[in-house]
Ligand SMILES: NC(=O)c1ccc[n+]([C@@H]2O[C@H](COP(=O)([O-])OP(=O)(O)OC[C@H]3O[C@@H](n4cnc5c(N)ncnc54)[C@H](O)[C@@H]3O)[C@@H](O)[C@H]2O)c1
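Here you get one chain, nothing else, as structure tokens; it is the form predicted on its own.
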């Protein structure tokens, strides 16, 4: 199927950025919001993104041409001619149900209905329609017009043709399109969650301070440390995701207690001016570690079980989860590292890090940590098999 025109439902942060990404690659885009007020805000979001692009050296004439490809609406009147719809409404299954029931009614029977959900089940969303074979996950990463990764997630009923069309469509946007089998949080956010949690456990245990953890992670492989990243995304969102993953995957995804304490104290990060760091009210610039975090940590009275902090410990749970994901055939082995690098800005993916450390050494470290900390470090059977086979890497 050839995709010629696209619609985006929802013009918040992600919807606006997706619309810009589409227009940049020549697609005419209809952006729909529920009310005139929300549409006005959504179009203003698009203008802000384009203004930043111009400030960073973008050609004003070209950017205006792209903006002219975007049309705003509050109705489904023009959706009958749309080839692909991308839903980007809030992560609430009831809201998504309402949207997909409407899309099923107002779009032509051959139109593909995609969700930008970062975690909700595609099969469940597809069941809200009479065309589950045409429903798929298209998970862009924020900001969508800059980030290179798109996860393409088929549900149980999604057709091969729908998946292939969406992979080609994402590639036409100059994105790295990776097919990911349906699972909670999909691929990149699932692995990210293990690393983010471990950073909080290390802080909670008193193995290292806020800046020490972030600086070590940055020097090792990531552009932004895990605690600064948590402040960017919001502790409340982080807690909701952590609870969801725990519900779906069990004990190895147990949320660190400090996260709940941060939310209860309204220390959510940049949006409240204080999280793991303090932020200037006017500029929003990071000022330094938040001293109130130390008070919360004292109240938790976490037992210290290790003598020292090693940066590899942050990434061992991510590496282990990567092997579990490969066991489950969530993605092709050759796609895993590129997806993590494109989605998170890592300089090396977890499989490469594992090979650099040594698979045997990774297994030995996980086994030692498993004895001390329990389930969250239980080694993946696939990692064990690679070590038994004396393999030096997955690829």
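Numbering follows the first chain given and starts at 1. Given the structure is predicted, the values throughout are model-derived calculations rather than measurements.
One more form of this protein exists, namely the form predicted together with the ligand; it is left out here, but the text below deals with it.
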| query | finding |
| --- | --- |
| Touches the ligand in the predicted bound form: residue 142 (any heavy atom, 4.5 Å) | yes |
| Heavy atom of residue 185 within 4.5 Å of the ligand in the predicted bound form | no |
| In the predicted bound form, residue 33 touching the ligand (heavy atom, 4.5 Å) | yes |
| Touches the ligand in the predicted bound form: residue 38 (any heavy atom, 4.5 Å) | yes |
| Proximity to the ligand in the predicted bound form (heavy atom, within 4.5 Å), stretch among 195-203, 313-321, 85-93, 256-264 | 85-93 |
| Contact residue in the predicted bound form, chosen from 129, 162, 117, 290 - any heavy atom within 4.5 Å of the ligand | 117 |
| Heavy atom within 4.5 Å of the ligand in the predicted bound form - qualifying residues of 2-17 | 9, 10, 11, 12, 13, 14, 15 |
